[in-house]
Structures are given as C-alpha cells and as structure tokens.
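Okay, so here's just one chain, in structure tokens, the form predicted on its own.
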C-alpha cells in the first residue's frame, strides 16, 4: 500500500518527473541581459563622455566656432608652462583645492567616527539623534549656501551676533583669510558628516560582539578595545570613507561658488571653479577638459596611495 502510494505521488509530482535539464530557465547570455541596462548607462554617461573628453582636450575647442583645429598635447603642455595664460589660474585652483582637502578630510573622518561610536550605544532618543545628525545631508547645496550666506554675514549674521555676546568683534567670514577657509570647512563638515557617520555606524554593528567580550575577559580597557577590535573591524570602512571624502573634497565647487565666490581674491577659487570659468565663460573647452583630466590623474594617484597604505595585509596587520 505504501509502495503504491509512493509510486502514485512520483507519477504526479512534476518536480520529480521533470528532467534535470528542464529546471534551467536561463541560457548562457542571461546574466549579460541583467547587466545590459547598467552597461548601457555606463557606456552612455561615463565611457563615451570620457573618450570624447580626451578627443576634445586634444583640440582648440571653442563650441561657438565652426573650426576646432587639432593641437595635440598643447593644452596639457600649457598647464606646465609658467608663461602660458592657463598656468597661474589652474595651479592656483589646485592649491586652493589642496588646502580645502587637507583641512576638511581629517574632520570629516574623525568627527563622524566619534559620533558613530556614541550612536552605537543604547540610550533614550537615539533614533531621533541619528535622524538629526543625518538630516543636513539631504539638503541641496543651494539651500546650504544661502543659509550660510546669512549666517556668516559680517553685518547682520547670526554667528557674529552670537560672538558679540561675549565681546568678540565681528569677523569677516567671507572677506578675510583664514576665516574664509574656516567658514567653508565648517559648513561642509556640518553638511556632510551625517553620511560618513551612518557608514561608520553600519560598520560598527557588523563587528562581532564576542570579540569585545573576549578582549574584556583579557583585561582590555575601553581604549584597548577601540585600538585592537574596533579599528581593525572598520579597516575596509575607513578605506571607503577616506577615499570618497578625499574625492568629494577635491571636487568642492558649490560651497565656494555660493558663499565666497572664490574670494577673498582668488584664495578659495578651486580647480573645479577654474575649469568651469575656462570652459563655460571663456569657451575654451579643450583647455578646461585638459585641466579636468590632470585633476583626475592626481586624484587617482591619491586614491591608489590610500589603498596601498590602508589595505589589509597578509596576517591581518
């Protein structure tokens, strides 16, 4: 009776009767079909513009003129020739970019780490505090720029009014140095630290608790657990955050354009601002494109060095 029932179920069970080969509902090209939308977008908006940009950088490209003569590497040579028109503007922009990157990246790496360590603890209103810290990141740069123009105004700005309560004279936040850099770095840290804090928080929650328990059993204090457990567990997160923060800081444009307009003088006129003026105001797209590729090469070198210094070596050291 049991054998008969088993035989009957076997005959009516399509999963058993179906040949093994019929379970495959995909062909060899199925994965490529799933990749096709991404490849189409990558080709359209990244690869083709990148190749076309190299072509443009090899020409005296003025899109208002019909003729765009081929000049080879002259645009690149001009960037290294002190007597050329583009040399002082470009390298002044690179200097401003380097100052902002060096000044802002340590704050954008360390402050979010401290905030993430605090938010990783259990305390009342933790979710509300997380939302408040991340909230500025959702604002657009236009909103942040207008907001800080009013806050930093030397005549009726709220920050100078607050400092006046302690007898501190008004500060020209956007008219004098180094206060212009202090203002730009401060507003950028306030605006973007929430993103890095969320990434750190995700990394902290991925560290096994038993590692902390084992370290505590061995007598490790809070600082020793941070050095020997937390930091190694966040190694990959640190590589990601440092790399993306350096790239984002090196591409700073909106803050300086909206708040200081590149001033005082040209001290906060970053490389992206120089490229924008060269290409969209002076209509020298070939020269502007050459600048952008030189900046991209510099950032690629910095990223490679970052990976080499912070990569996880054999043996976990």
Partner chain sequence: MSKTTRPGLPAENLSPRGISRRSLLGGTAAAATALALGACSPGSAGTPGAQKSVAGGGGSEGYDGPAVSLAFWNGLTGGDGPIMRKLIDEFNSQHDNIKVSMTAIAWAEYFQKLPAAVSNGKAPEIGLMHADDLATNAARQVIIPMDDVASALKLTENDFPTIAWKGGLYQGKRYGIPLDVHPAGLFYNKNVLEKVGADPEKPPTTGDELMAILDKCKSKGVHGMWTSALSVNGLESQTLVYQYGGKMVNDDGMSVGFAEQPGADAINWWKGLIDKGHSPKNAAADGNFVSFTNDKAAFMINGPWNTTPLNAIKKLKWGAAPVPNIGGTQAVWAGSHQFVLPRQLKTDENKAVASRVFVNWISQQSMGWADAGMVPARNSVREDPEFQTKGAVLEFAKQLDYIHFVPPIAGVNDVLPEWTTATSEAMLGKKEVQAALDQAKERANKILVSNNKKYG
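Numbering follows the first chain given and starts at 1. The structure displayed is predicted, hence computed values, not measured ones.
Below: the form predicted together with the partner chain, not depicted.
Contact with the partner chain in the predicted bound form, defined as a heavy atom within 4.5 Å, holds for exactly one of 243, 84, 211, 120, namely 84. Scanning 280, 47, 33, 54 against the partner chain in the predicted bound form with a 4.5 Å heavy atom cut-off leaves one residue, 280. Judged by heavy atoms within 4.5 Å of the partner chain in the predicted bound form, the contact stretch among the candidates 108 to 116, 217 to 225, 133 to 141, 195 to 203 is 133 to 141.
At the 4.5 Å threshold, heavy atoms of residue 175 reach the partner chain in the predicted bound form.
Using a 4.5 angstroms limit between non-hydrogen atoms, residue 258 touches the partner chain in the predicted bound form. Though the partner is left out of this view, residue 126 does not reach within 4.5 Å of the partner chain in the predicted bound form, counting heavy atoms only. Mapping the unseen interface onto this chain, residue 38 falls outside it, with no heavy atom inside 4.5 Å of the partner chain in the predicted bound form. Contacts between stretch 63 to 101 and the partner chain, counted in the predicted bound form as any heavy atom lying within 4.5 Å, involve 63, 64, 65, 66, 68, 83, 84, 85, 88, 89, listed in sequence order.
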